[in-house]
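We begin with a single chain expressed as structure tokens, specifically the form predicted alone.
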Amino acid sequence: MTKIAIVDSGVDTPEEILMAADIIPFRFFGDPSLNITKANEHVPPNHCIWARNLLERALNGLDADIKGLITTHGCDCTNREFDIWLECVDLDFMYFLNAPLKRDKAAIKFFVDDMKELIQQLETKFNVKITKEKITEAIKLTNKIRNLLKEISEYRSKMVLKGSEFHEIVKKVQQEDKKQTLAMLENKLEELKNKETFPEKMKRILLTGSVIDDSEFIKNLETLGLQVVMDDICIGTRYFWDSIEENGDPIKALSKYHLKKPIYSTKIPSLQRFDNLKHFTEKYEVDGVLNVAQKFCEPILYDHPHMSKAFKALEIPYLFVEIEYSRESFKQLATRFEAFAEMIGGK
């Protein structure tokens, strides 16, 4: 089945439109074992390390079933890399989706118009008909998936499901056929209902920051006694926390959904993120907040000073780290994570 790769730090790509065209939305992840060589010929060394990794993967060649790419307006790095993909990566279909930075009525209309243009180009390129009925059907399916993910997510806080395992589940949902993942999620939920809590005592943390697409990072935290009970990352709650309206114009419903869900650092005003994080810290009784920036991730770096002051005022332990996109760098940070684990209390 045809796949279209998605590069989208804000998870604003309307997967339902692709599903209505019988195309699998395939969230494109990096490879932390990859040495960056070809990408360095196109972008400077102070360019986001994660974005460079994605470009390197593409320049090395993509799987044959990936027929296209959608990049959705996010940070400056991923936006500008789309131009390089156009020139240097051989794909049948490429589209830059203009997800607005603001969230007013004009932005909703703007996003609707750009999604309609995406639909038209998909129909022409792949000789398909994307009807509103098919989009609505896809919305109903993804809403079921979101609701299941939200319910499964709660088992992290109950100390039944490891944060790394949940992260891997969300990754599967973002890359595989949605009908298959629906069955997988239903089975997983039933399994968790009969599962006992962890025998070991772990500290409860909230994970926020850049795109984190390597589950090994979270596994390393777990070896140090840190359990991610909640997050606001794109391979996490920002992907599934809210639902889409199922009545009325489905394209407008998609636009409203993506522009009203929890805000990301690349949107305006990004500091509203703190309100959502504060709510999560209280509801899930976290012991500390871990804010992780991929090296040279400017939006997260800009947010950090405000986050640090705001959590300090709430007397909630807060740790900010900047990481290289490699598993060796995860290990090198172990001392800092160990110190953080010792500093925060446990329940």
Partner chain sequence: MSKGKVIKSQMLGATQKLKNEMGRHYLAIEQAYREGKPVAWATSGTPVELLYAMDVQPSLPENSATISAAQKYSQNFIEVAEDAGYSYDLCSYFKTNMGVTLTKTTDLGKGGIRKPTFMLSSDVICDTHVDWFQVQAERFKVPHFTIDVPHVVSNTTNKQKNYYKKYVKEQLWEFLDFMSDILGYEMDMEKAKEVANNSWDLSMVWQDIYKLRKNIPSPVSTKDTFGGLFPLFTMPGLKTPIKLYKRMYKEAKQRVDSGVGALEEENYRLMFEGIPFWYNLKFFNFLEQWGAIIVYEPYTYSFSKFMNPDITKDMIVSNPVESMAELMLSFWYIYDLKTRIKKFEETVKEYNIDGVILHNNMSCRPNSCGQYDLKKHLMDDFDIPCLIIDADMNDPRKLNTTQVTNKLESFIELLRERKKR
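No experiment lies behind these values; they were computed from the predicted model shown. Numbering follows the first chain given and starts at 1.
Keep in mind that the form predicted together with the partner chain is missing from the display, and what follows is about it.
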Worksheet item: With a 4.5 Å heavy atom cut-off, would you call N40 a contact of the partner chain in the model of the complex?
Response: yes
Discussion item. Contact with the partner chain in the model of the complex for K158, defined as at least one heavy atom pair within 4.5 Å: yes or no?
Written reply: no
Discussion item. I'd like to know whether I66 contacts the partner chain in the model of the complex, with contact meaning heavy atoms within 4.5 angstroms.
Written reply: no
Item to complete: Answer yes if any heavy atom of E222 is within 4.5 Å of a heavy atom of the partner chain in the model of the complex; otherwise answer no.
Response: no
Worksheet item: Which listed residue (K109, K260, K132, K144) meets the criterion of a heavy atom within 4.5 Å of the partner chain in the model of the complex?
Response: K109
Worksheet, complete the sentence: Of F296, F280, Y318, F28, the only residue with a heavy atom within 4.5 Å of the partner chain in the model of the complex is F296
Item to complete: Within 4.5 Å of the partner chain in the model of the complex, counting heavy atoms only, one of 213 to 221, 97 to 105, 186 to 194, 228 to 236 shows up; tell me which.
Response: 97 to 105
Worksheet item: Looking in the model of the complex, is the partner chain within 4.5 angstroms of a heavy atom from every one of A21, E165 and Q174?
Response: no
Worksheet entry | Contact set, 267 to 281 vs the partner chain in the model of the complex - heavy atom within 4.5 angstroms | I268, P269, S270, L271
